[in-house]
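Let's start with one chain on its own, the form predicted on its own, as structure tokens.
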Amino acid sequence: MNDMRLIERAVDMDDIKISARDVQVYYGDNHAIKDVNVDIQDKTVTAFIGPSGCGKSTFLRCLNRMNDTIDICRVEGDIHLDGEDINDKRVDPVQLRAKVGMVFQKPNPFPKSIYDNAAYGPKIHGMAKNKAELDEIVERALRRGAIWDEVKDRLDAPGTGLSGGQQQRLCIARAVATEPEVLLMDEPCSALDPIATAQVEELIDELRQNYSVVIVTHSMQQAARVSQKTAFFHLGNLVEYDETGKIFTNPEDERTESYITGRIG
């Protein structure tokens, strides 16, 4: 059996998009993330679950160096994207965030038109030579965000005028407009109603055909519905990481089982 696991792991290594080793995160003297080791696969939805304050969002923000923006935060360890050390001083965080897009908990469209929201990243990164190319990029992004049909006749309208679920899909479109390789989502449905949540979950399932998607969620049901791999965090530790079905039906660690069954959390 061990030999089989080793063979499976060897096969999986080709699919690794992000590899993290011995990652520690400190907020001042507070040791928030301890010794996290994880390999995140390409074209897979990976869910981070665990109680509030367990470190799942903090670790997610390590993957595109968003923690750099917090003065008292210090990150140690190795994180590689396609074999490249993302914390290398030569890596430009702005370029990294074009590769590793992020969608936040509350929809946060810019106070601009729907078109300008989707065009913002491509303009900054010089992805279009002219207006026709930019129009194509915007349409592709809005289609990937599963919102094109709802907004194509009012692209000049403000993004902030959309419903909550539409705003979040616009934010997803904005994130994918720069052609990222990884999409990070920090509780993307927590501010949405059940219908909008279902639409975003359906979209996440479509997005994994093109991206590695990592989602932090407080909803175990959501993790079970949308992800293929699940990582359980507790008190800053990555306790267990495996196929989603196994985590929810046959976890190896007692803490995981206690969380899944509602005894902790």
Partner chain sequence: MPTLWIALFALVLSVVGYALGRRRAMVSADGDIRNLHSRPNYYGVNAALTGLVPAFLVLALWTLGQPLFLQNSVSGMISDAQIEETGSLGLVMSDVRRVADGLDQAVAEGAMDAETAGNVRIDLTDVRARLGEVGVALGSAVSQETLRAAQAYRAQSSFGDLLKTIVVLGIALAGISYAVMRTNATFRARNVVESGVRWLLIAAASIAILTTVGIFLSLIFNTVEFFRLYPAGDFFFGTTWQPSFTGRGGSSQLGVLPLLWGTFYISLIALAVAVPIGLFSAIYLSEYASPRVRSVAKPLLEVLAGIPTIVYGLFALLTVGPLLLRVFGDDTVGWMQGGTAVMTAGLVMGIMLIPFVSSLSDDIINAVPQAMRDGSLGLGATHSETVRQVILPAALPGIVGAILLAASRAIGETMIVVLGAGAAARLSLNPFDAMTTVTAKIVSQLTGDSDFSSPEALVAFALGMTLFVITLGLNVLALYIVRKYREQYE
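The shown structure was predicted, so the numbers you read here are calculated from the model rather than taken from an experiment. Residue numbers count along the first chain shown, from 1.
Note that the form predicted together with the partner chain isn't included here; everything after this is about it.
Val94 is the sole member of Ala132, Ile195, Val94, Ala157 with a non-hydrogen atom lying within 4.5 angstroms of the partner chain in the predicted complex.
Checked against the partner chain in the predicted complex, the residues Val151, Met102, Val75, Val138 give one hit for a heavy atom within 4.5 Å, which is Met102. Remark: His234 does not count among the residues lining the partner chain in the predicted complex, judged by a heavy atom distance of 4.5 Å or less.
Under a 4.5 angstroms non-hydrogen atom cutoff, the partner chain in the predicted complex has Pro109 among its neighbouring residues. Although the partner is absent here, Ala175 is a contact residue: one of its heavy atoms lies within 4.5 angstroms of the partner chain in the predicted complex.
Residue contact check for Asn64: one or more of its heavy atoms lie within 4.5 Å of the partner chain in the predicted complex.
Taken together, the three residues Thr69, Ala98 and Tyr120 all lie with some non-hydrogen atom within 4.5 angstroms of the partner chain in the predicted complex. Exactly one of the stretches 26-34, 222-230, 235-243, 56-64 approaches the partner chain in the predicted complex with heavy atoms within 4.5 Å, and it is 56-64.
Using a 4.5 Å cut-off on any heavy atom, the residues of 124-161 that reach the partner chain in the predicted complex are, in sequence order, Ile124, His125.
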